[in-house]
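Single chain ahead, written as structure tokens, the form predicted alone.
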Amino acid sequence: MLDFRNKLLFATLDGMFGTIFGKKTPISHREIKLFNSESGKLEVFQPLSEPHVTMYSCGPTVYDYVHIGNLRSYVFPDILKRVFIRNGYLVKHTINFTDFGHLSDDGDAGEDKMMKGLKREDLPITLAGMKQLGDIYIKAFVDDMDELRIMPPTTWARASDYVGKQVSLIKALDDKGFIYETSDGAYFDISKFPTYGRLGKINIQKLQEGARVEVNSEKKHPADFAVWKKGELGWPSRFGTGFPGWHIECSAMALETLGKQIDVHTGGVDNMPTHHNGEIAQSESLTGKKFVQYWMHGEHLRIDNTKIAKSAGNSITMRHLRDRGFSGEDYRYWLLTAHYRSPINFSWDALKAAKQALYRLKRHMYEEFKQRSNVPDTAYMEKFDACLANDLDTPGAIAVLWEMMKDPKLEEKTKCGTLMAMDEILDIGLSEDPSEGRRLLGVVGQQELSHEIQELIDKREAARISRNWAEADFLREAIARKGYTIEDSPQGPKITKNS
């Protein structure tokens, strides 16, 4: 079985090579263009220290199950990481877990999400209770990621494990004169960081003019953000007991696990105005260096053109998809049919269409081709890789895949090999062991059928050959009542056991 996640180890050890069909094959180091949210432009990727690439992806606040909109933010960095590896880079990647201190309003207001989770689960309002809650939803998130075939990061960073680092960063910012104390905590003074708001080109003047002073009259500017929130629960600091602010968590974990400067930082577009501008201000004030070279943001997933959110009551999780008979591969394939920077509107019909398309690909792979493969077609692979190197154009890459599948000039073995090579990036379930692939599809071999079912199939095939369509249809219904679906093909009847 070709499993790209297993092959990651080889790619890490031997940066300029991949493996295709068990052979060591040099991979071209092509030009990769990425849309940088900071510049608002498509830029040629150039890492800080070639061939090494550092990536940080903002992770979930682990107080509840994440919804499918949240999960979209982890599929596109997964594709990016695979593209980097395909092109010979060695990737070091961190995803964090926020397991304390994230308020429901990113502007330092609202209910603490972890507290909300503790009350919902009837757990003790203690640090131990928070850890227990975090354990539950960290596992759930990792399970969702695995179901979506997302490669694990180099480091899972849990915020509560980095509190000491966060406290030391806050102390350093205070010593440098970047923060001030209020009755409820300590805040970063954005007037001390002149380029604050450059990500997304936030208009600070308009923000101040439209601010509601009563939200927090002690703040010098409405955009000043908390680096420490005082409270009875938490850890000690020079500002008293409490929690580090949400933004300082990510700065601490990124700096600790990846260094003072990182190549790529990913997240959803909702992270950009407040959270990521906060990260930039803190990190660059501390280090005096440019924090991130390439900021990349994924667009929202919507239902009925409304953003998915727990507060909106339209939250759908992977568990809901499974209950409707959809797999993580089905959802992943559907996401890849849209560009990561384009809003996408979810519907069950759209997901059903994606499931059917993926099912057709799997039937080709596991029934017709049976994974008997030749070397991939170089022309189609060039077009496929060129799409992905152009700001992760997954819709274009999938279009190339289908163009290749419909090409009558290609042999089945070549199509099989090309699909397997494409699946190293897409990872939509086309590279399983053939017998496992057929089992997952519900395809049944002759040796697995009872004598009664096989007899019905043989009679129907005889009726079909003699063009006795009424008898053939009658026998199809008889087979269906026994729990099987029969499908005609040039290779003969294909039998699928109904779920």
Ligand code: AMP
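Model, not experiment: these values are computed from the prediction. Start at 1 and count along the sequence shown; that's the residue number.
The following text describes the form predicted in complex with the named molecule, which does not appear among the structures shown.
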Indicate whether the candidate residues Cys58, Tyr74 and Leu301 are all in contact with the named molecule in the model of the complex, with contact defined as any heavy atom within 4.5 Å. yes
Which single stretch, out of 358-366, 262-270, 375-383, 161-169, brings residue heavy atoms within 4.5 Å of the named molecule in the model of the complex? 262-270
Here the chain is shown alone; which of His339, Lys229, Arg82, Lys113 has a heavy atom within 4.5 Å of the named molecule in the model of the complex? Lys113
Consider the chain as shown here, without its partner, and state which of Tyr333, Tyr89, Phe225, Trp246 has a heavy atom within 4.5 Å of the named molecule in the model of the complex. Trp246
Counting only non-hydrogen atoms and a 4.5 angstroms cut-off, does Asn70 reach the named molecule in the model of the complex? yes
